[in-house]
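Okay, so here's just one chain, in structure tokens, the form predicted on its own.
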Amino acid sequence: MRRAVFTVFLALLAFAGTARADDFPSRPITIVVPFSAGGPSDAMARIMAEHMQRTLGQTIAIENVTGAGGSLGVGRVVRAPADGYTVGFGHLGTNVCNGAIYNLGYDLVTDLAPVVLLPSNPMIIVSKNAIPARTLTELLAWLKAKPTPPTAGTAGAGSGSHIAGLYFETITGIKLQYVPYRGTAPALNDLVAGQIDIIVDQTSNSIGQVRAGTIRAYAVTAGRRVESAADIPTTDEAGLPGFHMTLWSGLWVPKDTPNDVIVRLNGAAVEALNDPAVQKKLGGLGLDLPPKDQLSPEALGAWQKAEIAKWRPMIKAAKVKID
């Protein structure tokens, strides 16, 4: 008798879980952005949320959880209920590189389920206006001649700007002194104020200040020029061949989130990415849309694993580690 009751109880639990998934979403959703408001990750998340909430029929709020190179925000998602109502925005830094830098207490692959690959953002080498260099070659010469290590702003250890800085050091042989912030938005503010020397930043974050003339741009780290900044040369053109880096982003949910909930979220995100108005907004930030055949949850999962294999050896070789 007890076994029969227990079996019925398990069946009811399974039915209840299915019913909740079928009814998804029935209340507001939160997208956790692991960096400060006003930065490039925050801007992309808000553009996506604005369209996705219309498709899903529920409000989508943005929650900025900053600190530790984005690992605090990702941890917030890992520990959230696996019901689809807490979605994590992440990128190369937070969902690949941080696993080699921080003692996270969670696994970036097994403790999260991928939802969708989002647009990518080439990096751009920018400096404060007080630096006299006008070309990338001149900037490299100035940085090498500086008697003390030049200061480079980052969004914290493991962030895209930090990994780009490490890559810059590897390619150029120039040692940088990193100045961590709680996002690249405040780092950019200090660059404008002349408090730091350079940032290898996301193009979407810096291009507005470049256009305003408050900072100077030297090159984008892509194989071709960025449409929104066509006058800025690539690193290949500017004298630093092979320095290519793109900061891609994505959405994740806690592991064990029902598959049909993930499919629903993925569908809303893909619909947003296919909308011409959204594409125009994202393109205006210098973002490149992912290929249409790479928009499944499985594609993001495979891409994340490939990027882990690519970047973590470089990080470990640089002995970047924060407990």
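So that there is no doubt, residue numbering starts at 1 and follows the sequence shown. Computed from a predicted structure; not experimentally measured.
Keep in mind that the form predicted in complex with aspartic acid is missing from the display, and what follows is about it.
Although the partner is absent here, residue 39 sits close enough that one of its heavy atoms falls within 4.5 Å of aspartic acid in the predicted complex. Aspartic acid in the predicted complex is not approached by residue 119, whose heavy atoms all lie more than 4.5 angstroms from it. Residue contact with aspartic acid in the predicted complex: residue 183 places a heavy atom within 4.5 Å of it. In the predicted complex, no heavy atom of residue 71 sits within 4.5 Å of aspartic acid. Comment: 159-167 is the region of 230-238, 101-109, 188-196, 159-167 lying near aspartic acid in the predicted complex, near meaning a non-hydrogen atom within 4.5 Å. Within 4.5 Å of aspartic acid in the predicted complex, a heavy atom is found for all three of 91, 155 and 202.
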